[in-house]
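Quick heads-up: it's one chain on its own, the form predicted alone, in structure tokens.
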């Protein structure tokens, strides 16, 4: 089954933007294999513009020349990914990642390169050309690389088939398709999903950027494995605060079918060293309490977890966010997540969430969304006597009055596995 649980991995965007290089990807893969693989972390994803030789940071060079093959398909820039030389593409890098027991992923933009359309290059498996299948009025408003694809044409599906055929030959396990989730061009979503289905390899399909459309939730669940419920998420409290409302709307739309899992995606975790192209001193601006709140919410709502920072620079605290098996168990082995309450007064703003483990235990998460320390309490729903395990502090205690309560710092959270006695 593809994405039976929410995917867990690393993505290069937060720390290197469009400018990541092969040596950086290999170093992070090495770190994950040594330190995080045993906790369920497995995907190593190269983000946007790996085909752009002159990329330097998070900004794009408009209308620059891209690396492309004879069939209108973008190829890795060899100056940044040396093992891609002689037409090898990402196959050698994927093979290296696989040798570590991990999985390899790439970012792509929706559509066909404008460069291919202007040169009117061929489409593999079709008599049509790039210009004939392009939808030149369908463009991304923040990147100039691509035109949309007219998927009502035979050549449109053939183009996406050729892409996934190529990626499957490289050994790609995950594709993040950008400029597709927010506007949600149904025909292109279906064409990409159909190409994955017939490429001969299990590949996770991730759609970006958000906010995703709630009215298209059922279609996303049928055709994708994860989709962004937010625009790019960075290390700002207002963005984390707003995620609680998004999580409440989307939490009912996660689960599995007989063939695949589907997961609303709250976006990457901007932890540890981020924005590394601007200097090694750039680390997350989230406080430790805010980082605990973020991981607590992401895991109880069952969002995919994609690390955003350069893992080779993680400290002990950052590692403690990622190597907690009890936290990962909530992500991978629970269901029916939902908020219990959200309360706002002049003095405080608090909320609580609940989900159920596969064995019938349940998990309670308490959050202090206010600006000062506050007591957060939740009435437990099924009786009075419980054994509680504190997932972050790794302590146990007994509740005899049917209520769990904790004093939390501003922007802080607590999380408990609760067993009825």
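Residue numbers count along the first chain shown, from 1. Predicted model, so just to flag it, every value in this text is computed and none were measured.
Not pictured, yet referred to below: the form predicted together with another copy of the chain.
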> Is there a non-hydrogen atom of residue 141 within 4.5 angstroms of a non-hydrogen atom of another copy of the chain in the predicted bound form?
Replying inline: yes
>> I'd like to know if residue 341 sits close to another copy of the chain in the predicted bound form, meaning any non-hydrogen atom pair within 4.5 angstroms.
In response: yes
> With a 4.5 Å heavy atom cut-off, would you call residue 201 a contact of another copy of the chain in the predicted bound form?
Replying inline: no
>> So, residue 206 and another copy of the chain: in the predicted bound form, are they within 4.5 Å at any heavy atom pair?
In response: no
>> The chain here is shown without another copy of the chain. Which stretch in 89-97, 270-278, 306-314, 219-227 comes within 4.5 angstroms of it in the predicted bound form, by heavy atom distance?
In response: 219-227
>> Using a 4.5 Å heavy atom cut-off, which residue among 358, 373, 70, 396 comes into contact with another copy of the chain in the predicted bound form?
In response: 358
> Of the options 194, 332, 169, 153, which one has a non-hydrogen atom that comes within 4.5 Å of another copy of the chain in the predicted bound form?
Replying inline: 332
>> Under the 4.5 Å heavy atom criterion, name the residues of 387-405 that approach another copy of the chain in the predicted bound form, in sequence order.
In response: 401, 403
